[in-house]
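Shown here is one chain on its own, the form predicted on its own, set out as structure tokens.
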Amino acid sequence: MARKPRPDRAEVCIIGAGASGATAAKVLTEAGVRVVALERGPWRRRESFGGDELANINRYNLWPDPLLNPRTARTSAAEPAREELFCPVPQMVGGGTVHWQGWLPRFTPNDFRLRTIAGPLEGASLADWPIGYDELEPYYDRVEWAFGVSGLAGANRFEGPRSRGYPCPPMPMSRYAENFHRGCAALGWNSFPTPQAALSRPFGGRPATVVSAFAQQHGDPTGTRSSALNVFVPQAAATGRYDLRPDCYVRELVLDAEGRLRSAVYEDADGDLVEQEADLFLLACGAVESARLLLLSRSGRFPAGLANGSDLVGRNVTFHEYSAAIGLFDDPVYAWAGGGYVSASSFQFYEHDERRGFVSGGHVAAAGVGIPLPINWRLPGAPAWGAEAKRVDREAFNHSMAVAMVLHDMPQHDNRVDLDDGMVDAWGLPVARITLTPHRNDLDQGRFLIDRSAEILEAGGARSVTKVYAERVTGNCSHQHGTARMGDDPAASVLNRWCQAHEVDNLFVIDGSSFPTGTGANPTLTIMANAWRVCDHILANRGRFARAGLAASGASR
């Protein structure tokens, strides 16, 4: 164990400083709670970000380095796993919000009761959420106003009731958003400006967001984009009660003799092992890594992993899938302009409709082809190099755009995250292994949404359209959910409605792990709103989690 002095016991220890961890830190510290946060990645400053497309997208400047943080994946338990960086998310302070475009639609009221609405689906483990839209709505509002989200209230006619409108009007219209809206209007379908984590005007003491082509998958060197790194982390730090420790990799969570969580054992930037005790632990590593840490934390009480008496930790994982129809237009579209900041969406085919022959639907939105930046831009079917590739670049780069879908993949009991004992990371720990077989519903829904996306392009004036169907779930969306689903029945869920472990009462999991279903919309707004909701519950019950009665009296491993 470490020779360094053991740090003081904390009231709350948050593991992870991304979307959910930073939200929790803001809410708790501003309420007077002293928080220690352990983040495995670095705390990068905005001066370290830039528009280097090769570094950011192709060379792991922001993505996890697969040499240090490999994962494995397979489509069934019967086949060997292959090494694959499945569903990567930046591992650093700010997490996935560092590289995002920041699309922040709300889930709809029906998202929380899909099992009731759609009924059972053979092979799927559909479940209603233990909470409803009404319970989460005040927290949607708080995140939107804390971030300064730009959007147009009421424009999405499928959205649930709102407490109030958005704090900022929509971002300016781009040419490709115009094409998208024109196509939807011609078809009689609803469309709306995508709510975005960007300031269309100065707000909350911050200037308007610099609209740059280098947005998607790039850090923000201006510091004007709304992210956990730029908004919630500084707000928590300003309280003086946020002890954020970057480059601290938690290896194990340790129980005390009474079965409560006593400490997190982590390796710090010097390579020393340190044990951090706390009254309360909030796990916020993302659905894959949170499940992995729980499974790594074995003990006599929990031989299959912490809080895993139900054998549900890691199961029912969902990832979304991103695919698109690609359109070419005679007039320039300039899809690179704005880098995706300026976009448009439709929930026309989001809700469940049994006449379609499959369950649920997904978010459809205007997007660029590829990033869309020149190095990674390529039309489907076009060569990747040579004279023909250059010709296609010259003629089509400024004339192409995509309409893309967020696939609502179905949860299945055997789709899971577990530990691959055949491969370890750079710290010698077994890596996460993804086992995922797409449900027939996923493929049918995906084809339907791509067909509708193509119709929007055609109605918007595209002279040619190419459909790219999703043939499998590849984890290309950086969205991950469901590995510790919440519910009222401890036999069918890992967490209760407050995201508190049924079996370890001072452990909360506040990232997307808790989602019983993945829904068909970008999840980060809901992840942050739910983390805020959970923290309000913790604050309202703060006395229950006081140190008295929690003091460890010997470890139970």
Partner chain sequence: MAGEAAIEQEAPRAFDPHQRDTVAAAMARIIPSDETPGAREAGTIDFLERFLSGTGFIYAKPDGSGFETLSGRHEQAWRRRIDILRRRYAEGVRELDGRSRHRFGRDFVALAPQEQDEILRAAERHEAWPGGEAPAADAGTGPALQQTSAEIDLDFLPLLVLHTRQGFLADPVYGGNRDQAGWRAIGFPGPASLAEVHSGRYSTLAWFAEGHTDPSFENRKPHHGA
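Keep in mind that what you see is a predicted model, and the values were worked out from it rather than measured. Numbering follows the first chain given and starts at 1.
Heads up, the form predicted in complex with the partner chain isn't pictured, but that's what we're talking about next.
In summary, among the residues 429, 173, 117, 304, the only one with a non-hydrogen atom within 4.5 Å of the partner chain in the predicted bound form is 173.
Taking a 4.5 Å heavy atom cutoff to the partner chain in the predicted bound form, the contact residue among 454, 337, 131, 127 is 337. Interface residue remark: residue 397 is counted as part of the site for the partner chain in the predicted bound form, having a heavy atom within 4.5 Å.
When contacts are judged by a 4.5 Å heavy atom cut-off, residue 435 does not count as touching the partner chain in the predicted bound form. Residue contact with the partner chain in the predicted bound form: residue 51 places a heavy atom within 4.5 Å of it. Among residues of the shown chain, residue 82 is one whose heavy atoms approach the partner chain to within 4.5 Å in the predicted bound form. For the candidate spot formed by 65, 321 and 371, every residue has a non-hydrogen atom within 4.5 angstroms of the partner chain in the predicted bound form. Picking from 231-239, 143-151, 407-415, 212-220 the stretch near the partner chain in the predicted bound form, with a 4.5 Å limit on heavy atoms, gives 212-220.
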